[in-house]
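In what follows, one protein chain appears twice in different forms, each by itself as structure tokens: structure 1 and structure 2.
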Structure 1
Amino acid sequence: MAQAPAILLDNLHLAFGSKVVLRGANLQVATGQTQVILGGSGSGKSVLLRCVLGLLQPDQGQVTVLGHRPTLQQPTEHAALMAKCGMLFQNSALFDSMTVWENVAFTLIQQRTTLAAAKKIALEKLGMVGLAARVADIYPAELSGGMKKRVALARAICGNPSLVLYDEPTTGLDPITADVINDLILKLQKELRCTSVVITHDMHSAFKVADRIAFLYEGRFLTEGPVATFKNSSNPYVRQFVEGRADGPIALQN
């Protein structure tokens, strides 16, 4: 592919004090692709996404996102980059002082779209994630965990981003809603031609949405490749993870 990759992670190292999380992670995500990242709990997937967004600076190595270096040191450039990205946080991170629709339409309200127009778009996005209009005027504290996740997803895609990062989009959802979200990820990728990075533990979801799958283990990507290659991988680490066995080369960490 001639086009520059949407995300380029080059030899990322990151430690919190003595706890080393990333040890030379390399990854390329081509524009328009859906990249799934698998990895055990605590393997550093969320930390990796925070590096992609510039919320954390790696100790070593370089992050390039849509041709820019994300860093909070340059707030204006960073905000311009963020306007092209959507992020679904693992714990939803909804603004608890705002109603559901104000959360979803947050950027629209900032951009001085009229409130009525912003609300209309918010309701549309809520509909896309399978939420009824009657949740629009309540506060996030009154929602279930799965509903919060879907509101957060609606908020992440509200600005029609060209890069969407999903941190465990289907965790905590019933299988039917989870599949609605899977379909939504696929649909967004088709309609917006956006690049997606999906972190998940859900193998069914991974195989459904992924173009490529990368497996994060001990701070590096152990394997990276198309779904079919991953499914048939003979790598014992990958096999253990895919089959979900407790015995194998991967020991529980910590």
Structure 2
Amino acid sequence: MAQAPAILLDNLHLAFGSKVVLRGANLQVATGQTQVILGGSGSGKSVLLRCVLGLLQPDQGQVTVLGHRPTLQQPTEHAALMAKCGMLFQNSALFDSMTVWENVAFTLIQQRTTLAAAKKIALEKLGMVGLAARVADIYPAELSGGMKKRVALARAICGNPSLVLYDEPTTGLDPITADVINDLILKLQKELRCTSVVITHDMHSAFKVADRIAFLYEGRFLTEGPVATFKNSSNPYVRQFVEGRADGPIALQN
């Protein structure tokens, strides 16, 4: 019997007043794979991610994540589902008033794990993302952008999640540091055996980490498939995006 998808997006529609954001988005994310979602500014990527997390409910269609339908209206069930998910935020979203290890172990501390046990797990996760134990007791303000991103990644995997969501993981990083993050995404995918969803517009990152790529444009997926198929797509919207050309059917968003 075929394994159920980790994420199923079925005909999602969502509008904010007169502004239509999702227009029938359909996507299946296979369990154990890395699905990259590409799209330009205003294509609906962030809204889609909020639907997956249950922070927004679509006007039409259904979202299924790890066999459940996420919704804040069922807080106990939602909390249990989110415990199986890790999230790397675009700006890292670290707490300035907490040390590195406290940031990593934040969810564990909230769950009343003892501080000694929480710190031990945090140090283990910091090691997994290539950070030495000596950074554990310093504060985020003392870290470089790349180190902050790795701390945030350690926090995302602190609960050994079944699903990890990456929101623009390489944004704001220099090319070398960005590739370090790409390598960590691949490494953690292998070690945790989790499903990963990477939201990005970084073509180098997309081609390196993806098993499959989906292209979101104006609230719907124009194409989805393996990396090789995506690279060779004749779709003019895809070609313009991959090649980074100003001329083509995709107009600049004002």
Ligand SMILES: Nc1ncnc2c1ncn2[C@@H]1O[C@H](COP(=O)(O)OP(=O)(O)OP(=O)(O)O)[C@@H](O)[C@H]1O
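Here the rigid core means the biggest group of C-alpha atoms that line up within 1.5 Å when the two forms are laid on top of each other. Structure 1's sequence is the ruler for residue numbers, which start at 1. Just so it is clear, the model here is predicted, and its values are computed rather than measured.
Structure 2, rather than structure 1, originates from the form predicted alone. Rigid-part membership between the two structures: Leu163 and Pro140 are split apart, as judged by which of the two superpositions better fits each C-alpha. Annotation: rigid-body hinge motion between the two structures, rotation of the minor part against the major part equal to 17 degrees. If you overlay the core, the Cα of Asn91 moves by 3.3 Å between the two structures. Core-superposed comparison between the two structures: Val135 shows a Cα shift of 5.0 Å.
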